[in-house]
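First, one chain by itself: the form predicted on its own, in structure tokens.
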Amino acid sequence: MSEAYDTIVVGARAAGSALAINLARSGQRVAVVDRASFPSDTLSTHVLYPNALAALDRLGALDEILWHEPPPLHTSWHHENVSWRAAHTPIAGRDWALCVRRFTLDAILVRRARAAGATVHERFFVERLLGAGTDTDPVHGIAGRFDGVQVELRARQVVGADGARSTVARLLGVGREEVAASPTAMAYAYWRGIPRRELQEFYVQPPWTAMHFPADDGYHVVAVLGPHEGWDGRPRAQTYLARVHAVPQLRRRLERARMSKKVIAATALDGFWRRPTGPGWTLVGDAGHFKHPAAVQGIADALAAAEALAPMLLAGTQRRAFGPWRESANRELYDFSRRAARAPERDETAALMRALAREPALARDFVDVYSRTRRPSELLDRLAVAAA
């Protein structure tokens, strides 16, 4: 089996399917391959802020997501006896976020890619690239196993949208740069039977933070973030449940709830950049740039990068244009993610919470950093004054 396309996208989740939709709508012949079979879960922060919702609406996916009834979420934070809540500055009329499991979201995007005209091959295992990715031997396709058969797909360009452990990056020998070591680890599980609330909730108990996100189809995501040493020497599920039940509000809410069997934990959450493009190849989404999930940017990053990259690929300008776009769109938030990833300290948290509870406009600016309608530098300047 050998087929020819304009673009091959390796990875069919948020970045890959979004890119395929945009390219196919413009008339390109696009193939998308993924080793998974959808619906399929993957490690994720799950939350979609108003900027991501607008991007999903442009892809034609939002109505189907809403059919799964994820509640619209404003944000609340709690520390000791101080709490506050805020809505986002609206984008396309939406001042709320959604939490959607990747089991649901990615399957919808794959369906939208097929509907746009892309060819999607699930359970395709990429084994090598056609071409070395050099000026004299540009990448011009992929080879791998599909339905137990060796397959070659050829194209003018190959895009790696296959996550932080990108096979495309590994085959090209493109390493991680500017690595930001993660000071914290994360774990979460899916729950059912929790009373519905239209809030995403953060409970800060330094050096830990517990989080509750009502999600799609009656599920809830309950997560904890804390220092690496907190996970040493104990089963991850035991540590996770101990931290969740240490929050009285959550403990009461979970008394009659049912947890899924699996606690999903991630300790290797180092941020990084990779060289984004070369002869015949491009890396997009987490394959090219990864932020610690405390900044809750992964899905929005993927959608924004796919939307920006598509016209560059169509015009053949990606090698000079995509890197500068990515730097401009992400540098401040990359630095912000390093701050967000730190284990909270009691005195700093108390001062921050008092300032945000005292000034509702500042609280809105805080949540708007996550939806990218406020720059982190502007927020941090205001917080420094308010917390003084």
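Everything numeric in this text was worked out from a predicted model, so none of it was measured. The first residue of the shown sequence is 1; numbering continues from there.
Omitted here: the form predicted in complex with a small molecule. The next part is about that form.
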The chain here is shown without the small molecule. Which stretch in 129-137, 261-269, 248-256, 79-87 comes within 4.5 angstroms of it in the predicted bound form, by heavy atom distance? 261-269
Is residue 167 part of the interface with the small molecule in the predicted bound form - any heavy atom within 4.5 Å? yes
Taking heavy atoms only, is residue 163 within 4.5 angstroms of the small molecule in the predicted bound form? yes
Quick check on residue 297: any heavy atom within 4.5 Å of the small molecule in the predicted bound form? yes
Can residue 35 be called a contact residue for the small molecule in the predicted bound form at 4.5 Å between heavy atoms? yes
Which of these residues, 51, 337, 44, 330, gets a heavy atom within 4.5 Å of the small molecule in the predicted bound form? 44
Interface check vs the small molecule in the predicted bound form: of 103, 124, 273, 203, the one with a heavy atom inside 4.5 Å is 124
